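Consider the single chain below, provided in C-alpha cells and representing the form predicted on its own.
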C-alpha cells in the first residue's frame, strides 16, 4: 500500500511561491540528506506551482518546464533527487489554469499523468483553481486518479480541493492518498490555530492509505514567506511552532515542511525530527484523537487523547490563550474510570523524561501559545 502512514517531505510553495528553480530544489534535497531529515522519515521533495512555461507545447500538447528556471529539464532534476535516495514531487491543477496562471490539467489528465511519469514523478499535488463552471469537482479528481494509475508509475496522489464538495466523504474512492480539508495556511499563530479548531469533525475520515491534509507546515519559516502574498505574515514563535507541529502529529496529518530547509535553525531541526512526535504521527493505526474543550477565561484550550498501536497512548495539552494556564482534565472523559484499578504513566514527548502516573485527574501547566505532549501506557495501580 502506498501511504500506509502520513507522507513526509517538503514543498516549495510556502517559502518560494512561483519563484522556484532547479538550484533551489537540488540544494534543498542535498540539505535534506545532510541534516538527516531523510533518516527521520522525510522523503518527498515537491515542486509546487510555477515550474512550467505559460503555455503547452504547440506540437505535443504537453506541459513543458520553464526553460529558464529548469534549463536541464525536469527529468534531470528528478534524477538528482532520486540519486540522493529521496522521492520527487510535482504540481498541477484540476482546472484549465493553475492558481499561478500556468497550464492546468483539465481535459489533459491522461497526457499529463504520462508526462509526469516520464519525468520520474513520485508525488502529484493536484490543486483546484480555474475550474470551468460546468465542471464537477469529484469527477475531475476521479479522472486524475485513473490517469495516475494508468501512467505506468506509482505516484502518490495529493488532492488539494481546499475542503470543497464535502471532499472527506468521497475522496478515498478516487484513489487519492491525502487530501486538503482546509483553505491555505499562512505563517501565523491564528492561521494554524483556526485550522486545528476546524478539523475535529473531519479527523475520523482519515485512515491508512488516505490522510486528511491540514496543509504544509510553516514551522521554521519565522515570517520568511513571500512578502506581499498570503504567505508574508509575521511568523510564529518557537512555542507556537511546537504547538503547530504537535497538532499535526496528533492529527496523523502529512508532515510536509514549507520553510527554507537551507536556513533551518537547530531548534526547529530538533523539533521536526523529534522521534516521539513523529512516532505519534506515523503510528500505523492512524486513529483520530479524542478532543476535549477546556474553558479558561476566554481561551479555547484543548486536550487531545490518542490511541496508539502497541498499547500506548498520546496526550496533548494546548494553551491557545495569552497567559500561562493550568489545564485540567478528568481522565474519565477519555474512558479511564476510577474503578479500573489502572493508572496512566506518562513521559514528556519533547524531553523524553518521566512525567508521572495519573488515575483520575490531571492538572498541567502550559505556557501561552504552547503545548505539552506526553506518551504513556496503562499500568496497575
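Numbering follows the first chain given and starts at 1. As the structure is a prediction and not an experimental result, all values here were calculated from the model.
The form predicted together with a small molecule exists for this protein as well; it is not shown, and the discussion that follows is about that form.
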property: Answer range among 159-167, 137-145, 78-86, 266-274 for contact with the small molecule, defined in the predicted bound form as heavy atoms within 4.5 Å; result: 159-167
property: The single option of 99, 174, 202, 117 touching the small molecule in the predicted bound form, heavy atom within 4.5 Å; result: 99
property: Residue (of 91, 245, 192, 304) lying close to the small molecule in the predicted bound form, criterion heavy atoms within 4.5 Å; result: 91
property: Contact of residue 155 with the small molecule in the predicted bound form (heavy atom, 4.5 Å); result: no
property: is_contact(residue 13, the small molecule) in the predicted bound form, heavy atom dist at most 4.5 Å; result: yes
property: Proximity of residue 184 to the small molecule in the predicted bound form, heavy atoms at 4.5 Å; result: yes
property: Contact flag, residue 66 vs the small molecule in the predicted bound form, heavy atom cut 4.5 Å; result: no
property: 240, 325 and 370 all contacting the small molecule in the predicted bound form, non-hydrogen atom within 4.5 Å; result: no
